[in-house]
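As a starting point, one isolated chain is supplied in structure tokens, in the form predicted on its own.
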Amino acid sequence: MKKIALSGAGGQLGSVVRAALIARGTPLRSAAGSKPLVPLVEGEDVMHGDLRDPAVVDRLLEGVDVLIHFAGTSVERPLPEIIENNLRGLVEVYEGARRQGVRRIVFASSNHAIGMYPVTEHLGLGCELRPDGFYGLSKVWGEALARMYWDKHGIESICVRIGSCLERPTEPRHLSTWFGHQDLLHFLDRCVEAKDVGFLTIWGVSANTRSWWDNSGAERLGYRPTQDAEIYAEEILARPNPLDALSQRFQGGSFVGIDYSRDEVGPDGAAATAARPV
């Protein structure tokens, strides 16, 4: 059985994945940042530390076949923080994978790498990248880094552009972007077990009726999602939309309005008012 490492194990998604893999008896090493993890079972392999430190990375990856990399800043933040956590940290992770002979990395990219597309566009995996902020920009950079390490060093990578990964959708945007937990775990199973993936980019999304993203190509990995946000549509659409007019126009949702300075007229003739910097 393959040994798996999980970074970001204390985060929202990491906590879900960690609990599920431990419950299955999967050989797993879980890592958090500055705060130690409380073992879920006796003898669980847990650690914590700064992934910018090569010694910490080596501890995480020693004897590992596949890394699920969920660590890093996951919201829009000032550029210096993004650079340290999402760029510097990722380089150290891939360098550690070279040293330790890790064969495959699952890299948590994001829909915010394409967030400036309008919701009227249907995107394939080969679409031009259009990040909606520094966080999304870091994911564009991360995908390119993963590509380089495959081309130059033979480290396989699966970049998953995660949509809205929640137990259930709660707002209209999620009808297009929802990535259900059941589908997430199925996706990760395929990432671990699939043979000879090389470099892949896949939408991290369920089989939503209203999806903005064409996941043709995911068949190579064997990812076949079964969840659909549409079963929640009537309930969700009966409630007010929490997003403002600008956020409803773009696939990145609320991230788009952060430090947005354009004043323009939208498709419906209404002004898209610039959001104040935060």
Ligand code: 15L
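Numbering starts at 1 and follows the sequence shown. Computed from a predicted structure; not experimentally measured.
Note that the form predicted together with this ligand isn't included here; everything after this is about it.
- In the predicted complex, Asn86 stays away from this ligand, with no heavy atom inside 4.5 Å.
- When this ligand is considered in the predicted complex, Gly163 lines it closely, a heavy atom lying within 4.5 Å.
- Proximity of Ser206 to this ligand in the predicted complex: non-hydrogen atoms within 4.5 Å are absent; the residue sits far from the partner.
- Mapping the unseen interface onto this chain, Asn111 counts among the residues with a heavy atom inside 4.5 Å of this ligand in the predicted complex.
- Partner proximity in the predicted complex, defined as non-hydrogen atoms within 4.5 angstroms of this ligand, places exactly one of 111-119, 143-151, 185-193, 94-102 at the interface: 111-119.
- Taking a 4.5 Å heavy atom cutoff to this ligand in the predicted complex, the contacting residues in 51-77 are Ser74, Val75.
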